[in-house]
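For reference, the chain that follows is the form predicted alone, supplied as structure tokens.
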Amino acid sequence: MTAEQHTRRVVITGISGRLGRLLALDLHREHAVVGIDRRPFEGAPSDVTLHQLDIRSRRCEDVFRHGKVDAVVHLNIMHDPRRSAEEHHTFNVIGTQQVMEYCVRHKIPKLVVLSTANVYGPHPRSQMYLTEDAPLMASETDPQVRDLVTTDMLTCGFFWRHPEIETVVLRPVHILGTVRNAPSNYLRLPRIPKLLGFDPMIQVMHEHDVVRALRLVLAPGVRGVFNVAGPPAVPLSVLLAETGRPVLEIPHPIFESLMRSLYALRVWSFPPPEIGFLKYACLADDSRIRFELDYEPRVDLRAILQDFRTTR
């Protein structure tokens, strides 16, 4: 690694989230890491600078204005389905637009935005593996992810409008580990509901492999859209069997209404809009990042679920 890479100043938005913390711990010994998050970062390394700010605040620009910033990793994306559509829009879309404006205004050479492979959406007629140029169809079946699709598309548009900035969109498949998200909430249910007669192929990956992918796309010269996945896809039934939890098979006519009722009553924490992933496959082709950046996942399915089982 060159001296120039050692002295890069990297801003991480959403640094206090699980992925932000892991990325900061991975980078801080080699780079000057600066974080933006409205949440505290307990146990942060002493050489990591935290600005406890809401990403929508105009005060965030001071972080970009003072001191040369070499790269921005934008992780500050809201995925909480219980928040309002307005808050999702202002946080994800408006917040991301502001980060882009700061990158242009202060001539920051690199921007990495963490999206999700879920933006492709599960469909019964989808091709087996979706490449980065596949249409983003998730909002057709799930209006609650419209802001995630919009954020992804805005970033892709930014890539073409500002070629002077190395812009990367990273689309990971379902992330497991110590994170709290829809897939992990589903697999942590005491009795896991499964649609009778449906057994789609599922891709999962470990949070540490996501951090490895973020490090790879941060390298100077890397730009574009990259899907990223973990071990080979498996049928949902195989994934559920590996969890060791009891599975409750429910006929389709009552499945969705039951899930919506239990979610509304806060009995279960799996959001109903994610039901589509229990019916149809949404598989991402990550051959580009493997070929161009020599990415290979290091955590296999059993290790992913072992780590997942030990986290409550």
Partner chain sequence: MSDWPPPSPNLLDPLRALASNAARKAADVRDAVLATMRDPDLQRRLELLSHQSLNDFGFDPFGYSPAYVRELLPYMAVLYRNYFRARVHGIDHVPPQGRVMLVANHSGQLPFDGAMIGLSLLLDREPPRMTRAMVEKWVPTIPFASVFMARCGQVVGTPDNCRALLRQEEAILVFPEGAAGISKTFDHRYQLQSFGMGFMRLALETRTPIVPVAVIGAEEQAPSLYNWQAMARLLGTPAVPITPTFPWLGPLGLLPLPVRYHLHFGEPLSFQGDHDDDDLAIGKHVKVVKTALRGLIERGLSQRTGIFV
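From a predicted model like this one, the values you see are computed outputs, not experimental measurements. Positions refer to the first chain, counted from 1.
There is another form of this protein, the form predicted in complex with the partner chain, and it is not shown here; the text below is about that form.
Picking from 175-183, 158-166, 100-108, 225-233 the stretch near the partner chain in the predicted complex, with a 4.5 Å limit on heavy atoms, gives 225-233. Screening 154, 238, 94, 219 for any heavy atom within 4.5 Å of the partner chain in the predicted complex leaves a single hit, 238.
Not one of 89, 187 and 261 places a heavy atom within 4.5 Å of the partner chain in the predicted complex. Of the heavy atoms in residue 140, none are within 4.5 Å of the partner chain in the predicted complex. Residue contact with the partner chain in the predicted complex: residue 299 places no heavy atom within 4.5 Å of it. Contact check for residue 197: a non-hydrogen atom falls within 4.5 Å of the partner chain in the predicted complex.
When contacts are judged by a 4.5 Å heavy atom cut-off, residue 280 counts as touching the partner chain in the predicted complex.
Residues are counted as partner-facing when one of their heavy atoms sits within 4.5 Å of the partner chain in the predicted complex; in 114-133 these are 124, 125, 126, 127, 128, 129, in sequence order.
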